[in-house]
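Just one chain is shown here, as structure tokens, and it is the form predicted alone.
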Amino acid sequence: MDSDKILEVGNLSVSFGDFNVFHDISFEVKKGEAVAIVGPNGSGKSVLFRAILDFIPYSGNVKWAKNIKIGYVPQKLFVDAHFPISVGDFFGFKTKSKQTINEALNSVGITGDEEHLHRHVLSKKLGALSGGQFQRVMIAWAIINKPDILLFDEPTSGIDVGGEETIYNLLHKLQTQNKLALVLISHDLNIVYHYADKVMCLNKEMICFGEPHTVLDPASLSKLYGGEAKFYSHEH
């Protein structure tokens, strides 16, 4: 594997019994690169994440760079308000260092001194957090061990429209500051144009892969979403 590559995927296919989720997917992710995965519901986007993380059986090749550290935030992780785990307990599964936890929270915009963070964040139950604060906590938890790549399934799921851009700006800042590679699933093409270096169009097969302004043309979008997909030109 080339030194600038973090992940190489070749001829990846996933089936559940007789049901073919997707087939023959090949792509790569380089250091510091932002890759967005787009496609309709049921196209296999979340299954793709689970396959490359070796959570489910697959055929084909998945090759990670040696000694790679991976951060992952799954889609729609709901925690009951009465679930007896605090934010502090949750971080304790990864580290006992208060300084490390506080630095991770600060990096995602949850700021304050140690006493403030303990009283207003770490002592709270996970299920009591607002949607936006919960996503920030999940991002902080995912990056606490300083991963080389962050996989994020629908970063703004459960967040109001006003908070979406804030979360994407946060991810972009973390990517730049920490030289992270970022692979995210998104339904918002505006976000893809604004933040992604590469985009994968997935619907049972890989319909396109490349720079958004090059590969997201009317023909690809129509094949991806079916019918007469609307296409908008974007400027960088």
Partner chain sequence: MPIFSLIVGAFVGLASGYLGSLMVLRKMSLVGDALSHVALPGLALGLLFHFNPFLGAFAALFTSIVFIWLIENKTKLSTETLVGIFFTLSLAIGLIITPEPELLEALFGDISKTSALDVFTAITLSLTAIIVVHRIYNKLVLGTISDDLAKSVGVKTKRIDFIFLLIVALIVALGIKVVGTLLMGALVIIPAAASKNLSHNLSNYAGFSAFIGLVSSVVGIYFASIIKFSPGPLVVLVSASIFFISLIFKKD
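Numbering follows the first chain given and starts at 1. Everything numeric here is computed off the predicted structure, so don't read it as measured data.
The form predicted together with its partner chain exists for this protein as well; it is not shown, and the discussion that follows is about that form.
Of the candidate stretches 187 to 195, 28 to 36, 48 to 56, 174 to 182, only 48 to 56 contains residues with a heavy atom within 4.5 Å of its partner chain in the model of the complex.
Proximity of P74 to its partner chain in the model of the complex falls within the 4.5 Å heavy atom cutoff. In the model of the complex, S86 approaches its partner chain with a heavy atom inside 4.5 Å. When contacts are judged by a 4.5 Å heavy atom cut-off, R119 does not count as touching its partner chain in the model of the complex.
In the model of the complex, its partner chain sits within 4.5 Å of a heavy atom belonging to M138.
Each of V79, H82 and F90 comes within 4.5 Å of its partner chain in the model of the complex, counting any heavy atom.
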